[in-house]
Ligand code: 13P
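The chain below stands alone and is given in structure tokens; this is the form predicted on its own.
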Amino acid sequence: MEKVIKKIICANWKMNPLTLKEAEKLVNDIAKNITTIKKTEIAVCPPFLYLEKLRKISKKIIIGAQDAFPGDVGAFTGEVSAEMLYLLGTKYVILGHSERRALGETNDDVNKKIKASIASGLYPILCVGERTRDESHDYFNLIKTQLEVCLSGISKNSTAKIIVAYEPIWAISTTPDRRDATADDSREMAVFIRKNLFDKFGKDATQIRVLYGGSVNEKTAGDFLENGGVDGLLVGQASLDAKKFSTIIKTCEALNK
């Protein structure tokens, strides 16, 4: 019998909210709204300094981080290692987000972080996405390169731990002259990503969940989940509103038949 892959809704809070009190209230409010959720996995990735407190609030909400350093303990000022995150009780870690890449992070850097995260017991969420969609479709080659380099040297035995999140940069709310992505955009890229993963990992690639991210909200979530060819969503701005984020989770749950 084929294993059913559980859908996941993951929140990326980025550098929000400003205080621990606000962060605790947000998780508590989300938890109150999802007591009946059984078939959908829920993850929240807050800033580092909130991790320890927030992981104790709800058993239904899994806590993740927004980055991880690939080195062990040592002279790495300001860094937080994957091992530290795992020992703290963190499960997921977002890696290769476009905002990190914009600061100079390369595919090779992301590859090192993914390897360190898997070795430490974490489940990496690899973000891939193009800045623009050109008429010659070169953006497919960019995504292919991101997948090839970032997942270089990763064992087939680790595929169940990997999640790939497609986030077109041109659709992110902070991008100048942004435009909305559609479920068709998501499905096209999800098919392409899965093909590349299959080429690399064979049938083991079916264990890798593919998510859509990029200004998804409570109004568009249903279309992406039903028609976007994905196993869940990586939610940014909308995840900072407990009501909106809970609505997205409930939408996912209702579609899990």
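In this text, residue numbers run from 1 along the sequence as written. Here the structure is a predicted model, which means the values were calculated and not measured.
There is another form of the same protein, the form predicted together with ligand 13P; it is not shown, and what comes next is about it.
Partner contacts here mean any heavy atom within 4.5 Å of ligand 13P in the predicted complex, and among 128-136, 145-153, 78-86, 170-178 they occur only in 170-178. Residue contact with ligand 13P in the predicted complex: N33 places no heavy atom within 4.5 Å of it. Heavy atoms of E99 reach within 4.5 Å of ligand 13P in the predicted complex, making it an interface residue.
Among residues of the shown chain, S246 is not one whose heavy atoms approach ligand 13P to within 4.5 Å in the predicted complex.
Interface membership of A23, defined by any non-hydrogen atom within 4.5 Å of ligand 13P in the predicted complex, is ruled out. S215 is the sole member of T220, T40, S215, S58 with a non-hydrogen atom lying within 4.5 angstroms of ligand 13P in the predicted complex. Along 53-74, a non-hydrogen atom within 4.5 Å of ligand 13P in the predicted complex is carried by no residue at all.
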